[in-house]
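Just the one chain here, the form predicted on its own, laid out as structure tokens.
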Amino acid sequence: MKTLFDTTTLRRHTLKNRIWRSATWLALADAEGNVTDEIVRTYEELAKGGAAMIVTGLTSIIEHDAEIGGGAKFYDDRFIAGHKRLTDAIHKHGALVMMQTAIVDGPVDELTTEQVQGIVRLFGDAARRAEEAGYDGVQIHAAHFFYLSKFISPLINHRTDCYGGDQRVRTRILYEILKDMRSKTSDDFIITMKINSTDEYPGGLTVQDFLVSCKLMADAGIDAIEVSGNGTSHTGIKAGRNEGYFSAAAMSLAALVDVPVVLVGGLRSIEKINQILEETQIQYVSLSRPLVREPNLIQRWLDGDTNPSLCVSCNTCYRTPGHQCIFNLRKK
């Protein structure tokens, strides 16, 4: 029987429980995309709070990318030292850390085959840098309608070369990114993927498409798959009533593949999390906004206070400085 506080192993790395901190946009990098002291403090607080795996917020691996305010960059070796400060701070507290590698946006149909292959190599180079910076792994960001999720979507990808066609062919870019990352990192390095279960647009990625892509990546050796969707932050989530809004897709995937499936989205109570772990083949759960409200939530649960997360799903954290919880800001 699986429970929240089981110790597990992922590519020879030990995870002290089954909770991940899902990648969350902090908007705290400087104008050049460098890691700042505030970023280091934020992640160190999360590491102290008890999560087994921390996935850092979206980190762009290409120089001339679309901008998101305060987004981190990682397209050159000069960024390695700043990220080493970050990984060292997290590791001090017994947590593992993965960088979420991503491109914010860009063209799909207009690129030549050679240009797509160049993008593949950029992701591989970012994984090499991430390992040099002390990360335990990386997450390939193929969700939330950022670039890679558009590339695998039938709504956006109308290519006629080896990167367009049916869902298996549209997924080829992810398969090749995984292969290139593996060629540039050690055997211990974890490589995972975050992916939409649906695009939630007419003509976009369906659950069946999602399952095809994930099965291909599982067979190719991805280490874990985090299941999300375009509707990333629902409002009105209540503990014990409507938690886990991507649960059905994640359960379908977990029954299909042999790699660990990670469920994110609307989880608030230890009771619901343990129910999901006990009754399904899902191996891990991932939290974002509950840990914005309470960075120490996991430790609170471990210490015996098992009341649900204090997060009220208001989404105001998307509009505050540093994307902090409005209730925490009011205390300062």
Ligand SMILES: Cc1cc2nc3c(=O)[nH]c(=O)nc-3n(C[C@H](O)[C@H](O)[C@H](O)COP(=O)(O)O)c2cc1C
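Throughout, we count residues from 1 along the sequence that is shown. A quick note: this is a predicted structure, and the numbers were derived from the prediction, not measured.
In what follows, reference is made to the form predicted together with the named molecule, a form of this protein that is not presented.
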4.5 Å heavy atom contact, I61 to the named molecule in the predicted bound form: no
Non-hydrogen atom contact A23 with the named molecule in the predicted bound form at 4.5 angstroms: yes
Residue contact check: T101 to the named molecule in the predicted bound form, 4.5 Å heavy atom: no
Heavy atom of H144 within 4.5 Å of the named molecule in the predicted bound form: yes
Partner-contacting position among I273, I282, I298, L287 - heavy atom within 4.5 Å of the named molecule in the predicted bound form: L287
Proximity to the named molecule in the predicted bound form, single hit among T185, S247, N157, S233 (heavy atom within 4.5 Å): S233
Location of the named molecule contact in the predicted bound form, chosen stretch of 262-270, 300-308, 28-36, 46-54 [non-hydrogen atom, 4.5 Å]: 262-270
Residues in 309-326 with any heavy atom within 4.5 Å of the named molecule in the predicted bound form: C317, Y318, H323
